[in-house]
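Take a look at this single chain in structure tokens; it is the form predicted alone.
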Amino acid sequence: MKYGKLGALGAGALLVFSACSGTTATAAPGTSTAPGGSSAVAAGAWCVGGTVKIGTELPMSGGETANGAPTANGVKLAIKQQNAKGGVAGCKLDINVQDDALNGVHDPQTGAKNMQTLVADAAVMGVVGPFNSGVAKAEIPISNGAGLLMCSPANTNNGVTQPPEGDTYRKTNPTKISYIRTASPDSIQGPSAADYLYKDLGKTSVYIIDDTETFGVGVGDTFQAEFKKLGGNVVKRDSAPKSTTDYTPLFTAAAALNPQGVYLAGTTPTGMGLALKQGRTVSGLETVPFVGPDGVADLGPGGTQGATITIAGAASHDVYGTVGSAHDLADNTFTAAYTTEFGGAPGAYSAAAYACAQIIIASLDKASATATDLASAREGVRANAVNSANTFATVLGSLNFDKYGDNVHPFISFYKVDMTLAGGKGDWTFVKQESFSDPNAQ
């Protein structure tokens, strides 16, 4: 792997933001502070109308609801809690919600139009999203050109940030990063899943099917490379677009090669949930482990709209998944607060989205001390968030980002479906968590 494993992170004290000083301090969960106490400064002329916004750009409808809605809820919770404390520098927070799902599936061009809308809203100080890497590639050039911060809780494709591909999305302002992500890239997510299938589950051969999308192909490539490196045999790999309605012929041909496991490289809305359901009907694949990345491991219980377990039904047994974020949180009050607010458990990236909102809020708190108008406040948020010398207190723990915008201390969490949960409808259970170090960190 490109990343070095550090081991599991234990829950710890929540740290507060420290700008450039190299020091940290403890604070109550959810507290956002900045050097100089700028949170106590009354809103000035820069805060037009007394309200500023955090945007969300996520897939919020159709089959994507299981991914987008709980992610957006993480942002809504952070905003509500911050407003209960008086907002930021006397300025209340609001939300600008955008949905990049088209006909129920994430769509890059819809995302690009949404990003233009967010850029045009001068009150938007930063954006949480998008969820899908293909959408990110359409949006980053727009946000980079406008200097609007994006913080993705879920994008994992290597090329979104890392050169040479990542450089192509920042042509307008190549030296001004406007995109950061709290999620772990596919350079560790794919290999981690391969390691889990080979070592933890003891399977030495696998069939891989991807959905032809940016994310699916990328995570499939890194999974395949690592599985082979470990000594495993990839018996066959297929690509099937989201328009596919019958995966049975592909699985039938693969089953003849006797794979001990299957890797679903993609997301449930782009076909992997249906592939799981149909693959289980093929002789020889009834009980082998199916493993998927986030997008398959959406952590939605059976019955949740668009969730993997809902789509696949009884075929969801012996299914494992990875999520590119921490399960063990630094702020152990988050899950209870989320559940109380929304009447259900957080999704795979609810906490990561909450962390993005915390970073935007802390950066706005810092920027408000010198901002003279909305434009200067927006630029201050961007510059502060991407500064690799800054460390942020978040629900995920203490975070900072490398020169490309990647989280310096990413995590992978592993889950398994337990069909006895949720009244027999099935739900995901946590297996373990691993942390990694970023070799690009300065």
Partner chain sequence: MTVDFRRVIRPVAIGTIALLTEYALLGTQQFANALTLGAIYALIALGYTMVYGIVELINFAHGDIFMVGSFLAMWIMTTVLGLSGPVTNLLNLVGLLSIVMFATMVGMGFIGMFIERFAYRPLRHAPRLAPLITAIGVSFILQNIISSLFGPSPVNVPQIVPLDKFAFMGGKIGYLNVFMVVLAVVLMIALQLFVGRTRLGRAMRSTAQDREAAELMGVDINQTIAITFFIAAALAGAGGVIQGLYFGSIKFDLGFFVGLKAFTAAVLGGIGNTTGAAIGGFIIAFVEVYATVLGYTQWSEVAVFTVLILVLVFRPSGLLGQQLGERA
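Treat the numbers as computed from the prediction; the structure is a model and nothing was measured. Residue numbers count along the first chain shown, from 1.
Keep in mind that the form predicted together with its partner chain is missing from the display, and what follows is about it.
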Exercise. Since exactly one of Asn233, Ser239, Thr335, Asn258 fits, which has a heavy atom within 4.5 Å of its partner chain in the model of the complex?
Worked result: Ser239
Exercise. Only one of Pro163, Pro249, Gly343, Gly202 has a non-hydrogen atom within 4.5 angstroms of its partner chain in the model of the complex; which is it?
Worked result: Pro249
Exercise. Would its partner chain in the model of the complex be within 4.5 angstroms of a non-hydrogen atom of every residue among Ala253, Lys277 and Ser283?
Worked result: yes
For this session: Choose from 71-79, 306-314, 350-358, 292-300 the stretch whose residues reach within 4.5 Å of its partner chain in the model of the complex, heavy atoms counted.
Result: 306-314
Exercise. Is Thr287 close enough to touch its partner chain in the model of the complex, meaning at least one heavy atom pair within 4.5 Å?
Worked result: no
For this session: Considering only heavy atoms, tell me if Thr245 and its partner chain come within 4.5 Å of each other in the model of the complex.
Result: yes
Problem set entry | Comparison of CA distance in the model of the complex with shown form for Thr268, Gly134, at least 3 Å | farther
